[in-house]
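Presented below, as structure tokens, is a lone chain in the form predicted alone.
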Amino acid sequence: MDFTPSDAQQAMVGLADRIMGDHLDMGRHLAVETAGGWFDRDLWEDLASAGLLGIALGTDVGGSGLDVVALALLLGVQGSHVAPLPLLPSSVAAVIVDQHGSDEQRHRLLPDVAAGGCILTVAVQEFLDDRLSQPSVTFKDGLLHGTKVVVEHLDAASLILVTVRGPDGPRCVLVDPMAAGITRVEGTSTRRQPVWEVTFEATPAEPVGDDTTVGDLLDHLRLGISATQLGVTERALSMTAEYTSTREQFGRPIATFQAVGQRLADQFVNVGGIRLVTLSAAWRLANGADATEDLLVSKWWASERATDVANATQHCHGGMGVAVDYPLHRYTLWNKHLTASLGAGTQSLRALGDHLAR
């Protein structure tokens, strides 16, 4: 396996990095946070204009025709800039519709997704239940019943891709967030992002795909989380290396102290591990190989080892790391949010054990 990005992937990463880097600074972050909603719509429009929102979609629906490795690299760029965007849920849901939806669904929905006008989100988690592949929300006679939690970007979404239990087993369905029978309760995640608990009571829904769709959705979500976490941890470690090289104590940079150097060397290994397992899983997924085991391993690294990175980078920054006008604390909050998404390390290990046992 060669994980070196292709020319097209490198060009995409460079373009995305320039757009996000030019757009986002401390003032812009504070302005978006003050406005609420956790969504930089101007940046979203810039990415749409550059053709980046449909990077992994088919060319016949307005996408670029690249694979999920390119999507993983794009999400890594988002993580490195901690850009408040619905890029992960919308892109993953769109890929699932592209791969599993009917021709009518693909051509009705995906061109607008690639153009930035239609935002998708996903609803896969249920309260105190990490059996993600066995949802308890039911779908019968075209109607949904049950509750999902930690639904992101519900206020901006045009459609929700929901995992359900139908008469023939787990399935995915599309739901209009304004449809009848929906009750929503807003909360806040670790990274201060609005998230919703959504209850469906005889809510109409549209089926997507077959009995393989739920597994593919979970695989792509785990890849997206791991890829975003890779960008977060890489930038946090880089930021810490720069800070400890210039912050002096006792007349010399603190990076020259053995304890600091060893601590950050451990995190260099952790970030390298996250990179390796994430790219390996992305390669397998893109090439049609069974990637579930690799993705569960990747998610474990993106939870357990990423937590070590967050703790070390905060510690090495001291009080500066929690200042709201210094960028590191946003990376720590994103790290914690992604760590727990779809279950943290223990849940990932339990799911891996179940998968191996089967």
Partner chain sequence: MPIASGATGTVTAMSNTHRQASDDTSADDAAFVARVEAFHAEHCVRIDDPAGSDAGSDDPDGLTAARSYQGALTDAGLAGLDLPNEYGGAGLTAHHQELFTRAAAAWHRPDSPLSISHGMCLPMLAQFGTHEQKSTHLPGVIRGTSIWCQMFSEPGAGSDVAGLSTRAVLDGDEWILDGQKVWTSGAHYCDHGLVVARTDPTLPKHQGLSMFIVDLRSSGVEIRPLVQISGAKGFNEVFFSDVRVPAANILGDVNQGWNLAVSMLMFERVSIGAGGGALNAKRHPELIQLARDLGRSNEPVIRQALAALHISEEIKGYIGQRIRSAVAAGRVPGPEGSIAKLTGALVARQARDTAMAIVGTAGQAFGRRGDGNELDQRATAGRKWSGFCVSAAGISLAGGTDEVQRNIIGERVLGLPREPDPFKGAPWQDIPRN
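Numbering follows the first chain given and starts at 1. Values in this document were obtained by computation on a predicted structure and should not be read as measured data.
What comes next is about the form predicted in complex with the partner chain, which does not appear here.
- The three marked residues, Ser238, Asn270 and Leu276, fail to reach the partner chain in the predicted complex, with no heavy atom of any inside 4.5 Å.
- Residues of just one listed stretch (69-77, 248-256, 84-92, 161-169) have heavy atoms within 4.5 Å of the partner chain in the predicted complex: 248-256.
- Although the partner is absent here, Glu197 sits close enough that one of its heavy atoms falls within 4.5 Å of the partner chain in the predicted complex.
- Among residues of the shown chain, Asp290 is not one whose heavy atoms approach the partner chain to within 4.5 Å in the predicted complex.
- Residue contact check for Gly319: one or more of its heavy atoms lie within 4.5 Å of the partner chain in the predicted complex.
- Using a 4.5 angstroms limit between non-hydrogen atoms, Leu333 touches the partner chain in the predicted complex.
- Contacts with the partner chain in the predicted complex, taken as any heavy atom within 4.5 Å, map within 287-316 to Asn311, Gln314, His315.
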